[in-house]
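The form predicted alone is given below as one chain in structure tokens.
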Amino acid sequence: MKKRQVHASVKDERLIEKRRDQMIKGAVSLFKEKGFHRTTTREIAKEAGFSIGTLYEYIRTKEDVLYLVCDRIYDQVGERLQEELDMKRGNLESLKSAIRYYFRVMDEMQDEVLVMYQEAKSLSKDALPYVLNKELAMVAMFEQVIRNCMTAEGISMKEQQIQLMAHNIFVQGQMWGFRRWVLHRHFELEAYIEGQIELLVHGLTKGENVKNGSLSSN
């Protein structure tokens, strides 16, 4: 799907990028604290460090701000995953390494993840499918890493099982952010990551022992 165009009366692309970056950071903080619907554009402008008049030079509506927030978050996560995931390597250790990396990115972006889960439902009908397709593209990256792992390790899985596991990885990483109110009481980040990997790999190998990235039967 095509990227939605957000109107700006300013023509300087670098200035647009700078101002929208400020706007996004301010909006994430406010949406986390107050929610999208209770936050005003005037508050977003103040949090971003400029006037309400300046704000409307870069957007038309508050919904534009929410779209920019969600779009930017998915772009940042997708770009970092694309750089890290090595699609050519396919062993089990590569998969575990990819999961660790993704979970750590989710830790760094906890506030953004929380805002997306709370507020993405408020996106307009034309914006929501575009944003959600970005998420599916990232899930597809994990699907490919899992397929490569299956080939390298000689494991047989149905396509639906691969898809389900990829979605599980994606959601378990995000859960560290939107369930942090309880998870952070019981887990340090690394303990959470290794615990989730153990559960995911156990399902992947159907209970077979996993040692040093290789498989052996019980």
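Source: prediction; values computed, not measured. A residue's number is simply how far along the shown sequence it sits, counting from 1.
Separately, the form predicted together with the DNA exists; it is not shown, and the next lines address it.
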item: Contact segment among 47-55, 171-179, 149-157, 188-196, judged by heavy atoms lying within 4.5 Å of the DNA in the predicted bound form; value: 47-55
item: Any non-hydrogen atom of L15 within 4.5 angstroms of the DNA in the predicted bound form; value: yes
item: The DNA contact in the predicted bound form: K62, any heavy atom under 4.5 Å; value: yes
item: Partner proximity in the predicted bound form: R19 to the DNA, non-hydrogen atom cutoff 4.5 Å; value: yes
item: The DNA contact in the predicted bound form: T41, any heavy atom under 4.5 Å; value: yes
